[in-house]
Ligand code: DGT
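Before any questions on how it binds or moves, here is one chain, the form predicted alone, in structure tokens.
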């Protein structure tokens, strides 16, 4: 999928617009691959084109990448458009058309050149741009940290690369287990490089397959049990083949964080032991005390297992020791999804029927269908269309006896905190998610007031992606967190933990602050626009763990009757 996403980005530049027939076709193929359980790289042309959403042209490009590690069209486009132009398109306000304008008019093709052009006030002289646009772009560069020489990548891109590597290596003969470690396993928002740990019958076979993966652009080092590569000219991936009996110690060591590991090593020394990437051992005899699993090692250090997302040395070890560390929430505890889109709205890519089928297949007990409301001009539903969707949901309910279906909407929080539709029309919904989609530039006081107004509105059950941030693209709004958390706690309105890796909103520090200072409730939701996005639920659960959120504070972990009672309390 990473190769297709790269193809989409370059095609946007070639077409000079964000959406075209070709980019939509490639995006449909990405969704189709995400929804397909089979390894597409092992398929024939006929098998690929049998998958709904993959046409002949796209299938041939998939086959091309599987056999050569590259797509010729992308390589040709790289000659016209340097990769740095793709990075420019990440900046809010710079779509493909404007990035091409920068190249043609100012010979600007990277962030450094863009920064110099802004300093010289050259952007405001271009068609469609002005002083205000220039200022907003400069602010976005600063907020995104694009001046920095830091080569860290966003977690969404790193996770996709890690899963692709793991998928390829799982098919190597003799591979027993394979996991990613490092900051990726801790769910850090940005990743330096990717660590992959493998146990296998033959380390050399795994290394050989690793250095020959499709998309490898450089081999930094290679031995019998470890290797380092660069993929797509961008991300370093490090492989280590470790003995099965040492997997726990290696996983703990390479997951980190460094500070957490130092604290554990200090604890081991206090107990007459040493801890390293191979084992926890007796300091005098050298005998191995524990090594095979992380749980064994923690137990020998008189601690319960600590979830990877918590290992930042921010009090987790003392909390674990005194019994105040929340039990790590598990994905299996979620009983439903409370923020789901369908093809009824302009950006949904799966039908209502497909979204419900997938929810049942995943074992959900309840679901809130929350397509965009009318104030989101491009994708929102008018009252008439909302009523049409409501009729369809009503007709489908008998077909889903095990699934409680709530008809809701993702309402837009206006500048003054108002939301879509009249109060009378809002009364007809079963559920409401209210989110910020605009006015990101308002002051802290103004953002706080609009959130407080939405929280107090009885038509709102959940505040969706509360900060509105998009990792690597847009910083979130700034608001008085304590005031918002207190209001949500008092009213019973839940705050969303958005599961998409490009959002992870609220952030982990915000979650922990909310947990420690109030009784506020949370909803872990996927914001799914396609059936494949239900898989994002795991990241929302991991984000909740990272924020120390206990399961009893998550509304979609409630039993159905308790959940419906909570919904009713907000709407009465």
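Numbering follows the first chain given and starts at 1. On a predicted model such as this, the values are computed, not experimentally measured, just so you know.
There is another form of the same protein, the form predicted in complex with 2'-deoxyguanosine-5'-triphosphate (DGT); it is not shown, and what comes next is about it.
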Report summary line: Checked 78, 136, 226, 265 for heavy atoms within 4.5 Å of 2'-deoxyguanosine-5'-triphosphate (DGT) in the model of the complex; positive is 265
Query raised in the report: What is the one choice in 490, 418, 177, 190 with a heavy atom within 4.5 Å of 2'-deoxyguanosine-5'-triphosphate (DGT) in the model of the complex?
Result: 190
Report summary line: For 2'-deoxyguanosine-5'-triphosphate (DGT) in the model of the complex, the stretch among 324-332, 157-165, 248-256, 377-385 with residues bearing a heavy atom within 4.5 Å is 248-256
**Report entry** Residue contact check: residue 410 to 2'-deoxyguanosine-5'-triphosphate (DGT) in the model of the complex, 4.5 Å heavy atom
**Finding:** no
Report task. May I ask you to state whether residue 186 is within 4.5 Å of 2'-deoxyguanosine-5'-triphosphate (DGT) in the model of the complex, using heavy atom distances? Result -> yes
Requested in this report: Would you check, heavy atoms only and a 4.5 Å threshold, whether residue 195 touches 2'-deoxyguanosine-5'-triphosphate (DGT) in the model of the complex?
Outcome: yes
Requested in this report: Examine residue 468 and determine whether its closest non-hydrogen atom to 2'-deoxyguanosine-5'-triphosphate (DGT) in the model of the complex is within 4.5 angstroms.
Outcome: no
Query raised in the report: Within 4.5 Å of 2'-deoxyguanosine-5'-triphosphate (DGT) in the model of the complex: all of 49, 61 and 215, by heavy atom?
Result: no
